[in-house]
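This document starts with two versions of one protein chain, written out as structure tokens and named structure 1 and structure 2.
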Structure 1
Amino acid sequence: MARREAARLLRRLGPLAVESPTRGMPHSQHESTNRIVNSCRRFHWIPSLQRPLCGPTTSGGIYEGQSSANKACEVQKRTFGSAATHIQRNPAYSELNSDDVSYFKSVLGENGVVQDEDRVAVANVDWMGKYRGASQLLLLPKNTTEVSKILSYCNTRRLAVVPQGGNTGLVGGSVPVYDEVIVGLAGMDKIISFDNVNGILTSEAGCVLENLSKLVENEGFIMPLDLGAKGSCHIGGNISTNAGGLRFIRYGSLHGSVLGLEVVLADGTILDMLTTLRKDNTGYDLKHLFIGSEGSLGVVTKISVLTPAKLPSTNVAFLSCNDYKSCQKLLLAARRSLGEILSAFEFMDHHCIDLAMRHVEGVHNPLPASPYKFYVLIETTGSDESYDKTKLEAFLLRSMEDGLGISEASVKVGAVYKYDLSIPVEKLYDIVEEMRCRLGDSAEVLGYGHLGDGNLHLNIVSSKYDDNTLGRIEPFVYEWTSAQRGSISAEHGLGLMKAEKIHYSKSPEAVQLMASIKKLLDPNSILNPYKVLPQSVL
């Protein structure tokens, strides 16, 4: 898991963090700007950077790259993010038999039913190597009708099912807990249509996000979300988890971008909500039930999403700040001064930079002489390069005058306790400092994330996993977040890791209503069991 975190850090910094002759900024360009930068050593700026802040990971098939999870376990470099939840297998579920396999082969053919131990083993483990199921069967449908037949049969037989996309989640939501049947959607990767006038993309759920990004960018548009896992994650999984990412501050959540969905319910009913209309005020907008439901209410099979126009001017600045208060002031100033062109505002403390520099080869601090404790990365996108550059330059100069101014590394350290929190911006860094006081020298506490969205990624790394350290982290981290009226999951979802902890963010009445919806749509509770909601309410 730590390797992924460092990769995310490097992709956020892009050419700022890794020495590369093809990606660095030539010193001969923008000399006047560089003279200002070098004299103050407070920020590093790359004008007209025509790359997303979050670059692609290695592209590949449905489970490419996940075998590293097994190797991580073998060398005892496991990652841990939450206290273990002991859940008993629901005895109401049937166990798979040869008749079941024969039926699935009649629907999917021999190639669509995978029993090979090695292939199934990879699908049983999340990419971090933290969660491991015991499924004996991987199904690979190629269309909605096949998904419908699978779920209808499983519902009748009471066979539990886990929908699986790119399997890039962080909370154990995409792998079995016990022997659930895995339904992989990688074979459903067709582009249905793209409206290049209105920027509306319609596709199957198994399309890899990076492939969709390339498609729409060739037409002059961009996807409304950008993630570190874009080379592996599926759009259906993104929608099912309501993934956030780097463009959230500009384009908001997928609740605002998704226009329509096709979903297969637990009993095999195909729910066609695949509209491409921008406005449709007829009755309940049911698609929102499935955005962020983590596959627990239905399996998303097709999507239509509104893509924003790709703007020609992109600029990135990397600044250092002396304290967290300055980061907040910088965010407020950026919102006021940069306004409509502000597209990303990320922050990290110096511990993140130090960790990456110690453990990731080729990484250097873009502000090596900086004595400051925090770093901020700002991206702007607009339609007028000269105007945008002038606006950003003026903002940076004012900020300096006012005094404002993840991963491979982690896996080499050892165990990682990972939390994804949504906290009011003014309180966001307090939990990092409090956690450092609680843990002392026993662990290194890192704080970074999407400051513009109030989203903190709290990583705690130590040489090894132990119950004593975990006991000092939990439930304190959840109790503290709840006391601030924050969320224990800003963008990663609940999955298995936090299903029993939803009460820290939601009232008993809200949880009970969610359980009622679950029981209505999935009365036999076959879809992604043990996830999202506490077992006590189902």
Structure 2
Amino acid sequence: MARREAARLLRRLGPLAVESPTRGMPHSQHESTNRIVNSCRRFHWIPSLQRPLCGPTTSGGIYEGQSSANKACEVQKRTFGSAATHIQRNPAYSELNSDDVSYFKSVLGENGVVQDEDRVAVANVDWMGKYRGASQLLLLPKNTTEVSKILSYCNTRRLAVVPQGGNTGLVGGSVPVYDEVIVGLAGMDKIISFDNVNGILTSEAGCVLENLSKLVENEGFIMPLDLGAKGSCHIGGNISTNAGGLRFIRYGSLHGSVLGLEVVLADGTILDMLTTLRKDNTGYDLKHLFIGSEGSLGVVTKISVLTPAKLPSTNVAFLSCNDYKSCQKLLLAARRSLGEILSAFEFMDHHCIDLAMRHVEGVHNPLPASPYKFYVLIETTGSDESYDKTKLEAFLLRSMEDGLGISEASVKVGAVYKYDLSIPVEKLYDIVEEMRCRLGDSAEVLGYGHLGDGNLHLNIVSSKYDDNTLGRIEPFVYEWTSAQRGSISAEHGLGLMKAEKIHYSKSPEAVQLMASIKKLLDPNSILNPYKVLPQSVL
């Protein structure tokens, strides 16, 4: 029986899974499911998560900047699968002086102005230890007015600012590149209200996602998104990066779930769009500008979000398929037969399992003699357990009869060059095969991801980082994705890592309009500089 095997596999994978940001938390089956699929992504990053590395990273070169502020500025030259570009510090920005610090103390008090080297160092580096800035100042506002005063002052003084939530991003969007002032939102973690008739949560932006999840779950609702990093990430950061996460296939993007925002603009203007209404067609829906703009258009200070009702029944099945075409057929069949209860449809190829078997102690293929090449994980979530089980089993039976093949599997792999791509489902696996041809024996190419969302995680594993391998991967992977009208960042954003790559996914006209909007909202470009948009258009 698929479910029993799955449960056994989940138990077997337990020791790996606790190395995630959710360590020590009770895991729902949904999370466990995702742990398997995403364990490859987490495995190598975990050591630096709880306590970011502050020393030099092991694999990166050091970028030498021009300003005196650059001494400590180390931007890792080669990251997980992407060469970082050499970015100059923008000389239009002022450098911090003691008058600035005095002003901030007058607004925030002593406790809100952090100059302690150790504390500032932690805020200077991302959780993977990949990106590191050289800020000398961390500000911790307690309310929107304080954020407004900070930004108004920085705008006048031309001090660059990086807003920082839980600092769990993957593309270097939440840490300084040079000496930007860090504005941390952790002190703004108040719940404003929860409407338990309509499931509408209103809170400050610095609330940790997991705390919000617990709150609404006690009332019979769930947050519309769930992430591995939920124990650290902030809801404001989730919204600023338009985080995807585990519940995307079921509840869609935050553009559909977020009802209202309060945002502070670069000049300190407080933009109150904090409606809690499901429907509001009065004028342009400005909040969408701030969802996914990675803090470069404004700082999100309050949010209201629609939370779906909590459904008690979750079931999981693992299946295997002979070829990618069968995975596609299975997806179609699952959509038809499972309808509204389908909550995850993930896939991986057998290379993932093979690599996991070789490298991860205690992991065994639950179907060792499997002749299959692809593995699919299907999850359903509904309100009636016995019924949902019956439905899932009936679907699995039909799928078997249709010759799609049924068995169980899961996997864990190490990963090096990592790409997070959106590609039309019918072509999604082609890039994996093309990449294998290009790289031959020099690297192992793995494909897995959220098939239900058209989201491929492409991992290329080789013995060491080298320019030769990288040159065979990039820019090919971006060009190929672009030719399929895909996205070079399905759910992680552009941040620092991919700001200069935006043209692979967006037309010149669109990038130009983004730049115009950036200039309109932040004419001095103080907000989260060097990120999201290419320097050439600003």
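None of the values given here were measured: they were computed from a predicted structure. In this text, rigid core is short for the largest set of C-alphas that superpose within 1.5 Å between two forms. Residue positions are counted from 1 along structure 1's sequence.
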Shown alone, the chain in the form predicted in complex with another copy of the chain appears as structure 2
Would you say Ser326 moves its Cα by 2 Å or more between structure 1 and structure 2, aligning on the core?
yes
C-alpha of Lys190 off by 2 Å or more between structure 1 and structure 2 on rigid core
no
After a core superposition, would you say Met348 shifts its C-alpha by at least 2 Å between structure 1 and structure 2?
yes
